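Okay, here we've got a single chain as structure tokens, the form predicted on its own, with questions on binding and movement later.
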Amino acid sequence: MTTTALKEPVRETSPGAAREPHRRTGRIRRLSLPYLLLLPALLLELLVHLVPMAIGIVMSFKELTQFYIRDWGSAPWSGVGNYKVSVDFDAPVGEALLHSFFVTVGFTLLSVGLCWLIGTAAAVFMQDTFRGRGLLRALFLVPYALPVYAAVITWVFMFQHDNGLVNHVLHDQLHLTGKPSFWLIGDNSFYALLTVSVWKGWPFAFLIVTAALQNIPHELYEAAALDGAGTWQRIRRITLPSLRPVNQVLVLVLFLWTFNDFNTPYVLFGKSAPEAADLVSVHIYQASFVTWNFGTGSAMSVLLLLFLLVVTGVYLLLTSRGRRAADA
């Protein structure tokens, strides 16, 4: 008697199914490669910005003075005491901080407005082709390309009372002032700071607006000219509406840079800025490194951070609503 063994049918594997795991692995590698390339930058950002920010927030809750510099971790906790001192506007510390805040707001609004206005006007003017346009563009970008310290130190010499170029031109040559002015002290220090800030900031606006103008079709201007639109009408009806998305980002960046600017007033006036040019950044520096009260200075820095976050959030919310309303 013979028995026949039942054999299981052999399943054939297609070449495509065999290559499927390799394809999945390759897809995972391609998707993870950008994140791996960004990892060093993220780690540096963590070490350079986020870790010091967290340490500063912790310091704002401590009574950290010059007596605890060597071992700041042993400084006693003050809770929200530093914040109460900073926002007590009836006390000298809070009153000085409030004055510095108002000076910074006024300075920032004027500087950002003038930078945007001059940069946009220069970009629109340079849109037409004429001889020497490339050279003029390069000269316009010189203030932005110069190192901040070298540029501001040059302005310090120009603002000197006795032999500065500004007084030489305004008083000796043009006779616009009755006597040479003190530009680095007193009320004139605000105008000196504003001049330097606009001088080194408007080329950035010029650069961004110039790049944005390249995306506007030239046919729109030709059609508007055929319809009889003048230069100002073309700018108002075509150029400015087309630049609105770029201008929204540009204004926000200029605002944050100008409000946080420390290098310009510090190099221009030194450690103690005049009362008329007492920006928040220099005021926080003085509260921390001149009076050696790092706890109060850290609390002021955190308040400044919160203010900028709120302003940025409100600005983005309003601009997004305006953009949706314009699209609807």
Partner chain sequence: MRSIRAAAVGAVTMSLALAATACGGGSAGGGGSDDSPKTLTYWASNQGSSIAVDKKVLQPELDKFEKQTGIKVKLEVVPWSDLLNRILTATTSGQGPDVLNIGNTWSASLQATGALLPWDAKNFAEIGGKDRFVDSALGSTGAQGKDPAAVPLYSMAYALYYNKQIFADAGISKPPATWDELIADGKKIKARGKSVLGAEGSNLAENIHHVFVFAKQHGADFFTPDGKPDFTDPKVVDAVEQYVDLMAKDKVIPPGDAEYAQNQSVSDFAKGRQAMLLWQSAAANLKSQGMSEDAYGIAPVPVRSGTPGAGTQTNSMVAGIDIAVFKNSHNLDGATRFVKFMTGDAEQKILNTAYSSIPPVKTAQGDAAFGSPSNAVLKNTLATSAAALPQVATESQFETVVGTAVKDLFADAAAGRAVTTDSVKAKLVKAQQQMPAA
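Keep in mind that what you see is a predicted model, and the values were worked out from it rather than measured. Residue numbers count along the first chain shown, from 1. For the two forms, the rigid core is made up of the largest set of C-alpha atoms that agree within 1.5 Å on superposition.
What follows is about the form predicted in complex with the partner chain, which we do not show.
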query: L37, F182 and Q286 each touching the partner chain in the model of the complex (heavy atom, 4.5 Å); finding: yes
query: Interface residue in the model of the complex among G113, G106, G230, G186, criterion: non-hydrogen atom within 4.5 angstroms of the partner chain; finding: G186
query: The unique member of P76, P147, P92, G132 whose heavy atoms fall within 4.5 Å of the partner chain in the model of the complex; finding: P92
query: Residue contact check: R27 to the partner chain in the model of the complex, 4.5 Å heavy atom; finding: no
query: K271: touches the partner chain in the model of the complex, heavy atom cutoff 4.5 angstroms; finding: yes
query: Non-hydrogen atom contact I69 with the partner chain in the model of the complex at 4.5 angstroms; finding: yes
query: Contact of N247 with the partner chain in the model of the complex (heavy atom, 4.5 Å); finding: no
query: In the model of the complex: members of 154-169 within 4.5 Å of the partner chain, any heavy atom; finding: F159, Q160, H161, D162
query: After fitting the core, E275 CA displacement of 2 Å or more between the shown form and the other one; finding: no
query: Did L38 shift 2 Å or more between the shown form and the other one, C-alpha, core superposed; finding: yes
query: Rigid core fit then I57 CA moved by 2 Å or more between the shown form and the other one; finding: no
